[in-house]
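The chain below stands alone and is given in structure tokens; this is the form predicted alone.
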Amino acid sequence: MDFEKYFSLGGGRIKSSKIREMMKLIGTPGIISMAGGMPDEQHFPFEQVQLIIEAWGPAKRAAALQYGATGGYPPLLERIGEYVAASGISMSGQRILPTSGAQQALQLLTRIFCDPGDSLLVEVPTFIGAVAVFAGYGAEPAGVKMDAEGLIPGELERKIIELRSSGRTPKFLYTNPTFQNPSGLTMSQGRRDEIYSVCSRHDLPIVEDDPYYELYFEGGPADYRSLKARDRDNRVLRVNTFSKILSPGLRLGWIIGEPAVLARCEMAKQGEDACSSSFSQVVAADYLAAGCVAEYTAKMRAIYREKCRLMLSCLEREMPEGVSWSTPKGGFFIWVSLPAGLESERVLLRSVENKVAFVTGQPFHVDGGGTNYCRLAYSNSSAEQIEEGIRRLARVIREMLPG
């Protein structure tokens, strides 16, 4: 049967994710994948999770295996509140909603704010997973330029005014301010103050997606203070996840923000999955209560720092002249710029033939740019894979350069 004529307009807008497509290559024998931004699977806190589960009594076992409230497991809400308050976020007048990963949080927020054709603002480049969500709801993201300090306040203000003058009020600003996916850039603290002021002046909500902020390689928490921590008028909706501080396999995230907004998200969530995994919520609540996050993130900061330094060293040693890259202060990614005229899509096709994979830059750009950029993830690769992967990629690039 041909189902094409039955698909909805929304179904027709759904596009396959470049990252999800590249993930299929990971199991290919001999291929080195620097595509997926996955945590280091050799260091998941399996022992801590096992001890947590083994300590459950009958009541907690029942809570973990039973349906739960859409609004979340109460002990988890309390633990998340304590955890985020320690980072300088006031929980006064706020609410927490657990979600099935940060991706669902973005989906719920887009669903309640955006109708097809509505505008919103994003960084250029921006997270490909968010772009997919916006496209699925027919929202039209407008790109705002960044520099070494992150989103440029003057460009943001200009874009807001430009859209409003054409009768298109943007619904929110979406930003990934710390060790951004894909660029690895971090919005400076001064820049965060300016961006918040621009949004306040134009009465624009902010969706702050900040999954990597604990994974810094230099400085401390004060150097990565969030937009939500400076939220004077309750316009920031902060999205976070357990994927980087516990496990992505639990598929558990959360939103913090204005209670009326989260009440709408909860109603939308009721029709999507009824509730996030009870099992994951009970595990995460006990994980937070046991203080496991600080120990785990301290260990992973050191591991990711060494992997990042190794990849940077390999890039410096192997890459030909004309190739440049970012130097992240944390997170999972290095953003590589190829010489003008060398498209990353062409490089990828040749690279896969040489058993190495990455994600091309164009899908991260809502303005059609990024054709000569590559995103490299070091987070789940061994030292040997990083060295050999960069060697293979550099060889491909050298072969494809003119002359």
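The numbering used is simple: start at 1 and walk along the sequence shown. Keep in mind it's a predicted model, so treat the numbers as computed, not measured.
The discussion below concerns the form predicted together with another copy of the chain, not included here.
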Original post:
Do Ala64 and another copy of the chain come within 4.5 Å of each other in the model of the complex, heavy atoms counted?
Top reply: yes
Subject >> Any non-hydrogen atom of Gln50 within 4.5 angstroms of another copy of the chain in the model of the complex >> reply: yes
Original post:
Cys114: heavy atom within 4.5 Å of another copy of the chain in the model of the complex?
Top reply: yes
Subject >> Lys171, heavy atom within 4.5 angstroms of another copy of the chain in the model of the complex >> reply: yes
**OP:** Using heavy atoms only and a 4.5 Å cut-off, determine which of Ser87, Ser277, Ser188, Ser313 is in contact with another copy of the chain in the model of the complex.
**Re:** Ser277
Subject >> The unique member of Met267, Ile161, Ala294, Ala148 whose heavy atoms fall within 4.5 Å of another copy of the chain in the model of the complex >> reply: Met267
Original post:
Is every one of Arg79, Trp325 and Ser382 in contact with another copy of the chain in the model of the complex, taking contact as a heavy atom within 4.5 Å?
Top reply: no
Original post:
Of these, 351-359, 30-38, 367-375, 334-342, which stretch puts a heavy atom within 4.5 angstroms of another copy of the chain in the model of the complex?
Top reply: 30-38
Original post:
Using a 4.5 Å cut-off on heavy atoms, which residues of 190-213 contact another copy of the chain in the model of the complex?
Top reply: His202, Asp203, Leu204, Pro205
